[in-house]
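A single chain, nothing else alongside it, follows as structure tokens in the form predicted on its own.
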Amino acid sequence: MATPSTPLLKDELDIVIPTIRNLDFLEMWRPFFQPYHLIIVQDGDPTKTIKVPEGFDYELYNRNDINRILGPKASCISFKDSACRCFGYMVSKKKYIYTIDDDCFVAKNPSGADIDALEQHIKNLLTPSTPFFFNTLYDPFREGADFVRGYPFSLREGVPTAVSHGLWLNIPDYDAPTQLVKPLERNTRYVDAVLTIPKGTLFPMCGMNLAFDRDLIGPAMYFGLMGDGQPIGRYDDMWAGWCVKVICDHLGLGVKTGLPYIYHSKASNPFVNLKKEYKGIFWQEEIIPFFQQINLPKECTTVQKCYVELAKLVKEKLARIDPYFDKLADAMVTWIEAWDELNPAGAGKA
């Protein structure tokens, strides 16, 4: 598929990639990613050199850079975990972010053509969402679709789309117990659909093929405390997704899921994953009802105010489960303080 002569949002979008390895995978994405600016967040050993293919416009941050830029507030950024990607969201100066993992390749549609995942995400973000009333033809703003009979005209304008959540062919995004039970399962189903997740409905957000409007929801895209020194891993994007959805619902913003697909090439070790996830598997049975019952006060008129209020509720309601949540609540507040320091013009704007 040929790229447009002027790529969509060329000067308004950053691509954020967390990595521990050389970024050879970018060669496959070159036709789609080369026009854009990349923010690479190096995980793990900062003395290791990460090689980036020639011809890409990028900036690379390692742990030393994070410590230098954030000072004591760097404690809110995870170490030895892909959750460190959210530092890239913080230092970006663009309106939109697309984030992808380095084991995600270009997928093909049923006709055999390469899928320009970025282009589809941009289309999702630039068209409204419909969270208040479900349209049975899915996204009414896609070509060839519309609002069906019985859809209220008063709701057809929709709301701004804050998040576009893409999916994956080949290796599904399963938790460790499901991986162990279905080690050979691969996703080959290409469903040609985009839909708005209804208001009041949470979802499991996967961070490996995700785009969002940084101006609308950026300060809530905190991937928590995971990895080195923490009792839990692989819940970084889940945590962000629950927080983001509650705030989007409160502020009248939309979240879409479905297209585009990427090809997820590498299955992570289910035994390693189980060690990271096992507490989360228990904790989520209490965390999810906590998020389902949240009703943010009307005084929370910005993402930052919403997020600080969420941090307060986490401390009040979840710290009894484990002291980790007390620490996480403090890190959530630190994240917002760091965000506003690096984004002073946007403080309170979102």
Partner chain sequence: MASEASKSATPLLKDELDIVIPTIRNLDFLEMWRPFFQPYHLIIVQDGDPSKVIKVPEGFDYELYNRNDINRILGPKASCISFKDSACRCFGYMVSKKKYIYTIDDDCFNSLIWVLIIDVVVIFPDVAKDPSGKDINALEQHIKNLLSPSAPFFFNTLYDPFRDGADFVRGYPFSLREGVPTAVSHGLWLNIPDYDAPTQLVKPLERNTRYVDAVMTIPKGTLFPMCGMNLAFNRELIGPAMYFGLMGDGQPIGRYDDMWAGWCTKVICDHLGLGVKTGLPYIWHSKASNPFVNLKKEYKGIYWQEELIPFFQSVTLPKDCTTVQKCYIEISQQVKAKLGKVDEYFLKLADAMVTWIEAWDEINASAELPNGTKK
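Given the structure is predicted, the values throughout are model-derived calculations rather than measurements. Residue numbers count along the first chain shown, from 1.
Beyond the structure shown, there is the form predicted together with its partner chain, which is absent from this document and is the topic of what follows.
With its partner chain left out of view, choose which of 95, 80, 279, 182 has a non-hydrogen atom within 4.5 angstroms of it in the predicted complex.
Contact check passes for 182.
Of the options 228, 119, 173, 114, which one has a non-hydrogen atom that comes within 4.5 Å of its partner chain in the predicted complex?
Here the answer is residue option 173.
Hey, in the predicted complex, does residue 250 get a heavy atom within 4.5 angstroms of its partner chain?
No.
Does its partner chain get within 4.5 angstroms of any non-hydrogen atom of residue 165 in the predicted complex?
Yes, residue 165 sits close enough to its partner chain in the predicted complex that at least one of its heavy atoms falls within 4.5 Å.
According to a 4.5 angstroms non-hydrogen atom cut-off, is residue 157 in contact with its partner chain in the predicted complex?
Outside the cut-off, so no.
Do residue 91 and its partner chain come within 4.5 Å of each other in the predicted complex, heavy atoms counted?
Heavy-atom contact with its partner chain at 4.5 Å: absent for residue 91.
Does its partner chain come within 4.5 Å of a heavy atom in each of 272, 324 and 335 in the predicted complex?
No, none of 272, 324 and 335 comes within 4.5 Å of its partner chain in the predicted complex.
Which of the residues spanning 132-158 lie within 4.5 Å of its partner chain in the predicted complex, based on heavy atoms?
Stretch hits, in order: 132, 133, 134, 136, 137, 138, 142, 143, 144, 145, 146, 147, 148, 149, 150, 151, 152, 153, 154, 156.
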